[in-house]
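A single chain comes next, written as structure tokens; it is the form predicted on its own.
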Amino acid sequence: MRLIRLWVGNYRNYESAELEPAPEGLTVIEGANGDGKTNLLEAVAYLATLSSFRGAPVDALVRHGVERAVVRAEVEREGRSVLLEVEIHAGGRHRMMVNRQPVRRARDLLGALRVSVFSPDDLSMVKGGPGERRQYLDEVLVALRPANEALRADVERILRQRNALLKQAQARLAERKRGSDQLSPDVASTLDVWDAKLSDAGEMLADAREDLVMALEPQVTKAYGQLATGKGDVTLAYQRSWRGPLSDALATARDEDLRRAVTTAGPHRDELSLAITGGGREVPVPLPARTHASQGEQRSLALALRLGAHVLITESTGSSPVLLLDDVFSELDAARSSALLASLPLGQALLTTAGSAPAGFSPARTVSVRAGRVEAGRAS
């Protein structure tokens, strides 16, 4: 899989721009901070995921003063050229097309283009809360199999419905001045239905995440060893927020859920544990990366998580995603930057930088961005 050409219109700070990366190897997009380098990577990733890897709302993607933006790309997939297009409206609506044919559901566009993204915000996967790591796992699951998006969305929908019912039930119990504090039969029966739905979908999602973590661990460990020059091993473990069948856990937690009006057990409370062993430490046991790893180790681990997933997706799908590296040199020291460039996987990669690359580095193509304008690329 590769990106042949990208067009953007009224996207972020671009009125109109076109990017043609090198078909293989690394394309460097250089320019000053604020000129729009990251916006180009974001546009590529948006076509693949229909979301901003910077967490930006839809209206932030549309250039100020206009109502809609267009992102279009020609990609090569399985030897064939595919044209992808998304029209983004400031009000939040989308118009999606594949080869000029409208696509009704967002999930039908997923998988047409696969990307692996590393950005400075990825450090939150290591330093942040469990939600950041769950999101990482779910993104990889969808990249491996787009149908997983339906499972993830189903779990979210069930949780919203169950939590809404818990709030309603809590309010009804609070309104009672006298009498039983038990749920009414109709509310209890409805809650049983949502418990069953959450048990089925929640265990499927947790099983998928758990299998993914087992497959990821050797890939992440290998990538980390290359970036950290062999210092330390990485341990990944998926930790569920319940024991035994989820249906039993939900039944046990029902009183607590009613008291708090939230669901306290399920895949939305699970954790991906990250630990590092060695690295010159006196105690040769796995220690939580979130609290015990240095800043450099945490950055290396965040990048290793992305690179490990990239390799796994490539091996599983038979097609290498487009690798997008945003401002990576500013996040790594010289030794780790050189190690990254030496260990980049085969395929197409785009990298943004506001500074100079490590000595001896020779990209396949270099493109300059100046104040929302893309200058013609040059081969190295």
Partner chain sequence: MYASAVQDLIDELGRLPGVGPKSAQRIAFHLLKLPTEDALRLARAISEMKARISFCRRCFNVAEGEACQICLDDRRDASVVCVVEEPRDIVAVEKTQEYRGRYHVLQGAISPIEGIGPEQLRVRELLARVQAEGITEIILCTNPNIEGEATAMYLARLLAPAGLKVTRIASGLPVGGDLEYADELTLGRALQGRRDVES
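If you superpose the two forms and keep the largest set of C-alpha atoms that fall within 1.5 Å, you have the rigid core. Residue numbers count along the first chain shown, from 1. What you are looking at is a predicted structure, and each value in this text was computed from that prediction instead of being measured.
The protein also exists as the form predicted together with the partner chain; that form is not presented, and the subsequent description refers to it.
Shown alone here, Q161 lies within 4.5 Å of the partner chain in the model of the complex, counting heavy atoms only. Residue contact check for S189: one or more of its heavy atoms lie within 4.5 Å of the partner chain in the model of the complex. Residue contact with the partner chain in the model of the complex: R77 places no heavy atom within 4.5 Å of it. For R259, no non-hydrogen atom is located within 4.5 Å of the partner chain in the model of the complex, even though that partner is not displayed.
Heavy atoms within 4.5 Å of the partner chain in the model of the complex are found in exactly one of 150 to 158, 114 to 122, 261 to 269, 292 to 300, that being 150 to 158.
A heavy atom within 4.5 Å of the partner chain in the model of the complex is found for one listed residue only; from P286, G225, P130, P146, this is P146. Proximity to the partner chain in the model of the complex, defined as a heavy atom within 4.5 Å, holds among L173, L165, V103, A251 only for L165. Shown without its partner, the chain has S189, T190, D192, V193, W194, A196, K197 in segment 187 to 216 as residues with a non-hydrogen atom within 4.5 angstroms of the partner chain in the model of the complex. Residue displacement note: V82 has its CA displaced by under 2 Å between the shown form and the other one (rigid core superposed).
For R152, the Cα coordinates differ by 2 angstroms or more between the shown form and the other one after the core has been superposed.
Once the cores line up, the CA of A73 ends up less than 2 angstroms apart between the shown form and the other one.
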